[in-house]
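The form predicted alone is given below as one chain in structure tokens.
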């Protein structure tokens, strides 16, 4: 096996598949990176059994030659060393030559490396996902949905199902929901061309975070396919395969209040900055608690108190306040995460009482919802 490849294309492909390779895998060969060379291009594969990533580098793309002098073959490379070698090679082209004993020679300019490879026949076959039952959506929208929900997944393995994002597609409406049982993040969008239903799948938060990092903004759409225990995200140059989490995701719709006693319309950034400042003195306290108080006027008081450190109080002006006066405490971290995820200039916060969950929405977009449970401070 041998070929010549553009170094920048190789670096990009290697960086993508490295996100699926772990040194702690129980299958030793999975600590390596599989490389398959065919006349039409080079496919790199990395997997840790939970996530598998294939990155494809076409021999020619839009009239530009990426790979040439091709003799077909496959090899498994040492992922501990190969990426660093490629990154530090001196020239824009790289020659890779593999002999029958799986010795790999990597040449660029006057630099030459020799690595021991492994037989690719020993590399496990990736699960096959049927792509007939699939739908497409814009990449930027998918990345946005991930960003607006994945932060709310649980980091505790006591309830593994909550470490993932629940994905549902019904009546041409795609819904992402994440909760750690103390907060909830939800985003929904229409998928007008989707002629299928996904009743409920739960994708690990870790998988979605990695997917979001490697998706190329220049590619417009992504195809999503689901089977019993796998989900495949596919673009022109990337296959991202993740296992699904087993178990029943809790029915979250009953958590969302259907009425409110106090409604506050307020600009996002001043509120966010105020809570960030209040949280500076709440770091030592459990949950980083801040207090939120409104009286008869439009002034909202944000405060926190730490007996060992001190206290802080400040006021933020709301644009509009309707309903009862309120005093409520909540985790500053949860509120900061929620306000950052919303990405709108103005929000509506709907309260149903001091010990009931409250919701935050952008003022002009009902498709985004953040819910937070308050903290008892007395």
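Remember, it's a predicted structure, so these values are computed and weren't measured experimentally. Residue numbers count along the first chain shown, from 1.
Another form, the form predicted together with a further copy of the same chain, is not on view; read the next lines as being about it.
- Although a further copy of the same chain is omitted here, in the predicted bound form all of 81, 113 and 310 have a heavy atom within 4.5 Å of it.
- Remark: residue 280 counts among the residues lining a further copy of the same chain in the predicted bound form, judged by a heavy atom distance of 4.5 Å or less.
- Proximity of residue 49 to a further copy of the same chain in the predicted bound form: non-hydrogen atoms within 4.5 Å are absent; the residue sits far from the partner.
- Taking the partner from elsewhere, residue 314 is found to have a heavy atom lying within 4.5 Å of a further copy of the same chain in the predicted bound form.
- When a further copy of the same chain is considered in the predicted bound form, residue 259 lies well away from it, no heavy atom lying within 4.5 Å.
- Figure note: of the listed segments 174 to 182, 89 to 97, 120 to 128, 221 to 229, the one touching a further copy of the same chain in the predicted bound form, with heavy atoms no more than 4.5 Å away, is 89 to 97.
- This chain appears without its partner; in the predicted bound form, the one residue of 214, 137, 266, 85 with a heavy atom within 4.5 Å of a further copy of the same chain is 85.
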